[in-house]
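Just one chain follows, in the form predicted alone, and it is written as structure tokens.
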């Protein structure tokens, strides 16, 4: 078995886990590691001469066979990977943003230079998902994905649900515990999950998804009252990354909060755990669940990719053909306004005769059928919160109905509008 030589860019949490774990394998040798600050105290002990603060020292090193990129972001990571590929080096990356935004260019360049790009860690941390899709599930036509792909938001929503706490309070707690960044925008506004579902759907559907066509909505507007109402209605609220594709290659790919039925596995995927549910033929429906982030879970996926390359290195002129990008068609995006969904609405309205009737009339005029409508009690200021669940209807219609409701009943306020999973 040929011994491969590794260069790593980035020695943060995941990079440290990779370095520690690779010490157990005799067929892999780490040659050079690029870091921002050579003098920074680290959780790993390693020879100082192994470090450099110039990543080009790594990607241009003729001794190195595989570049492991763990720094994240598009630039300068893309410049380093581009140089590495042109130098004939294979790539292992955990960079979900780079894959989502530069995937087509990345894979075309890798084929041009006969290099393989592996990225198991970029989608669901420690959950094996890309390798199974490319190998064991290769004979299936997957047409639907529903997934929880961000541990930070799932932790926040779980705590809001179990503790009855506000989003703001739970976010502060998550930041204190290190589950959320000081600037949590990438997680709580759905960017992280959107990057991941872009690549996951591209691979699963065998048709490229453009990141700019992915609808995205975060969790910042969710209220503790919504969590309570969802429980009473038999649901849990989760940030769901979903994707569906039809026989005409129309792809509906999005990230947003959803009321998920309590009988499903996704509803009981809590705290920082991730889960991916896929449906297709002939497999039916399967769910993969596990740790979506962290030092060793993510390092596990990175190391698996490195060892996959190591097993074939030196034995063939074309490594890992099944793991390469073979799709060249581009899926046709479906606009969110043209989708059909069920909806949960929480409406604050005056406790007056005819208000509920007016809500029903407006919905009927927009071809929105109501599954249930409920008012529980009256507040001290003579207002009431009305909870509405619709049947499946056109997104454009429900949005028009909400606008008409607030225009015709200016004392009404739509507190929440959340889609409902089936």
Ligand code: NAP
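As the structure is a prediction and not an experimental result, all values here were calculated from the model. Residue numbers count along the first chain shown, from 1.
What comes next is about the form predicted in complex with the ligand, which does not appear here.
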The stretch from 29-37, 378-386, 392-400, 364-372 that lies within 4.5 Å of the ligand in the predicted complex, judged by heavy atoms, is 29-37
Answer with one of 294, 290, 350, 333: the residue that has a non-hydrogen atom within 4.5 Å of the ligand in the predicted complex. 294
Candidate spot 14, 70 and 121, all three touching the ligand in the predicted complex (heavy atom, 4.5 Å): yes
Could you tell me if residue 214 has a non-hydrogen atom within 4.5 Å of the ligand in the predicted complex? no
Contact with the ligand in the predicted complex for residue 358, defined as at least one heavy atom pair within 4.5 Å: yes or no? no
Indicate whether the ligand has at least one heavy atom within 4.5 Å of a heavy atom of residue 91 in the predicted complex. no
Check residue 198 for me: does it contact the ligand in the predicted complex (non-hydrogen atoms, 4.5 angstroms)? no
For the stretch 304-331, return the residues whose heavy atoms include at least one within 4.5 Å of the ligand in the predicted complex, in the order they occur. none
